[in-house]
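Have a look below at one chain only, the form predicted alone, in structure tokens format.
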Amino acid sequence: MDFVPNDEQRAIVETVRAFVETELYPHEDLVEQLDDVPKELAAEIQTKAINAGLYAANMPEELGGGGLNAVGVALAEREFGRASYALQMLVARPSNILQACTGDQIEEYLLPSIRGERHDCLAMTEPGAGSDVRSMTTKAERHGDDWIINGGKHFISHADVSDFVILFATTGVDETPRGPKKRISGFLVDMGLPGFEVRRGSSCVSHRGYHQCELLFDNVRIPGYKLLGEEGRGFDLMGDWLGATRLTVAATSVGRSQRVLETALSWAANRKQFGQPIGNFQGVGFQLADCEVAVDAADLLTLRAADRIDKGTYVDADAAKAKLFASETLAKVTDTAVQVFGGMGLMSETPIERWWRDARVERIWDGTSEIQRHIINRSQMKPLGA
């Protein structure tokens, strides 16, 4: 991998950074106060993003997307990650799972999502099925040419502002040498169907304005063609999506770590005690030095995983390493920033306490740190026959 960015990569970073600083930063305090993004503001940001050519940057150019390769997407996500999640997600990067659309699904879901006319959310997690995805109980059963869905999901991000859900449900059970195994399939389900209810979930301390929701399905009927991909192959679709989103979490964690560290360094250079900047004291300076080393390492792990995707040498452990280290680095950097700011780091007058709160969820969603370690360890042991 060439660690010197080329002209295109520099342009991506500069363009996204300028948009984030100009169009997103000014609204962060408002979103924090409201725990919401006003509809007019959301529409304004989305329009500006489309006009700036930043929308659907992760989708193929021939479909109307930005056509960025994996490294380009990681660089863009890193810059978006510097801003409030509720705001940066308005510059949508539709789920890459939608590229599995076929036939009428392309015109109904894929292309409108790329154009910004429709918005998706993805539903896997249930109260009894978090990391253990195969334990999900939401069912889809065939009734003639249709499917009938029953069950519920929770912790579904931004479902309250989505037009449809990419839903994963069980469609049967297969007998295997290791015992029964649930067959999981993907579906495209429009909001507002009879029997389909979306509820705002409990308030969360992380990422205010970016809501998690509960989805309830009571005999929801959808046409047969709303099956996404092949029946029973939903687990493969989820695997593809989780790899991409884990890399997104890694990249956004790096971007936010960089912003937090820059803010902490500025404070340490200007805050004086005992006649000199506090950053000159080893107790503070060494912490900041360790943070910079960790942030750089997280950045390199993330870009290496993206580079391997582009070269076709990627394995699941690559994204797992990046997500694990970057999210835990963000926790370290935000906690250090609180310590450097002292009492002011816990006051709402500064953004430090918000960044500290926001950082906590990154080690949980899209696969906990424990799951990432399991993936990494599995890749270590499998070649040894264990």
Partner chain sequence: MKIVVLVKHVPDAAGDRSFSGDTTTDRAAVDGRLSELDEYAVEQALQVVEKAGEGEITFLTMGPEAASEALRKALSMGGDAGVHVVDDALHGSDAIATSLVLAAAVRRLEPDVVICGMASTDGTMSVVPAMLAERLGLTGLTLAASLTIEGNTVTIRRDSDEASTTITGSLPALISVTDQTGEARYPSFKGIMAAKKKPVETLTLADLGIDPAQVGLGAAWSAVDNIAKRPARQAGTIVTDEGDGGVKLADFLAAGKFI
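Numbering follows the first chain given and starts at 1. All values derive from a computational prediction rather than experimental measurement.
Unshown form predicted in complex with its partner chain; subsequent notes refer to it.
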Complete contact of 14, 19 and 61 with its partner chain in the predicted complex (any heavy atom, 4.5 Å): yes
Sole residue of 52, 43, 346, 34 within 4.5 Å of its partner chain in the predicted complex, by heavy atom: 52
Candidate stretches 321-329, 355-363, 334-342, 52-60, one within 4.5 Å of its partner chain in the predicted complex by heavy atom: 52-60
Any non-hydrogen atom of residue 68 within 4.5 angstroms of its partner chain in the predicted complex: yes
Partner proximity in the predicted complex: residue 122 to its partner chain, non-hydrogen atom cutoff 4.5 Å: no
Exercise: residue 110 in contact with its partner chain in the predicted complex, heavy atom 4.5 Å: no
Contact flag, residue 228 vs its partner chain in the predicted complex, heavy atom cut 4.5 Å: no
